[in-house]
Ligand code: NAP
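There is one chain below, alone, in structure tokens, taken in the form predicted alone.
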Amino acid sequence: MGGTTEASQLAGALATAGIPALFSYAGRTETPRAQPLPLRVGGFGGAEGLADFLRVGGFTHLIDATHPFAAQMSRNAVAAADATGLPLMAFERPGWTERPGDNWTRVADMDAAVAALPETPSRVFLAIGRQNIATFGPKPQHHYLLRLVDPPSAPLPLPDAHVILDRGPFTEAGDLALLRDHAITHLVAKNAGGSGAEAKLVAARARNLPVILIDRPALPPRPVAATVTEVMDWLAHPVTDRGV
């Protein structure tokens, strides 16, 4: 179950090692990255649907390398692994930690992020993807900058918003220019971790901007690996023709 930079790195390692595997995208991005493995795009119909898919496909292992905020997919993976008895490994990059010069306000969820924004009109880089944009509707006085992979398919639920289309990894120089050119005063971001999207935090630090950072959702207990090597070590087993 992929969708992250780390999942793509793992796909390359699996392909190089000759381990038969299937790469699954949720289908939320119109143009997902190509992978060196067979692809499946779309949902499974919840935890039961995922469990049925794993049984029918004869899979031997399940790897959850979805985005750290894809909480429902991760919960479904835990439930499906329990239902099928398959070993499960979450491949999850560590979250970001505060450094000297950061001006962070950490919040538990999207609603708390909205509440943490000032009442006075500000210019907000809303770096949260497209799914939770409407949550910020209660504060329409702000100008919102959105960076999306795909163009919006419907009018945005914010009266004052500007969209740029881009796909990471991003650079510090590029994000510094972005914050400067759009006169950004506040950054709202999920604590996704990893290096591909960290540039906006480095840029905010350099410009001494306040950052509202949303903590990761709570998930059921599960084994977690932080590197491709750890996952490949976990997969060290007699390879069957049924796949991973």
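As the structure is a prediction and not an experimental result, all values here were calculated from the model. Numbers follow the displayed sequence, beginning with 1.
Below, we turn to the form predicted together with the named molecule, even though it does not appear here.
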Segment assignment from 73-81, 101-109, 136-144, 155-163: heavy atom within 4.5 Å of the named molecule in the predicted complex: 73-81
Selected contact from H186, R205, H61, K190, since only one has a non-hydrogen atom within 4.5 angstroms of the named molecule in the predicted complex: K190
The single option of L37, L54, A26, V211 touching the named molecule in the predicted complex, heavy atom within 4.5 Å: A26
Residue contact check: T171 to the named molecule in the predicted complex, 4.5 Å heavy atom: no
Partner contacts for 107-134, taking the named molecule in the predicted complex and a 4.5 Å heavy atom cut-off: Q131
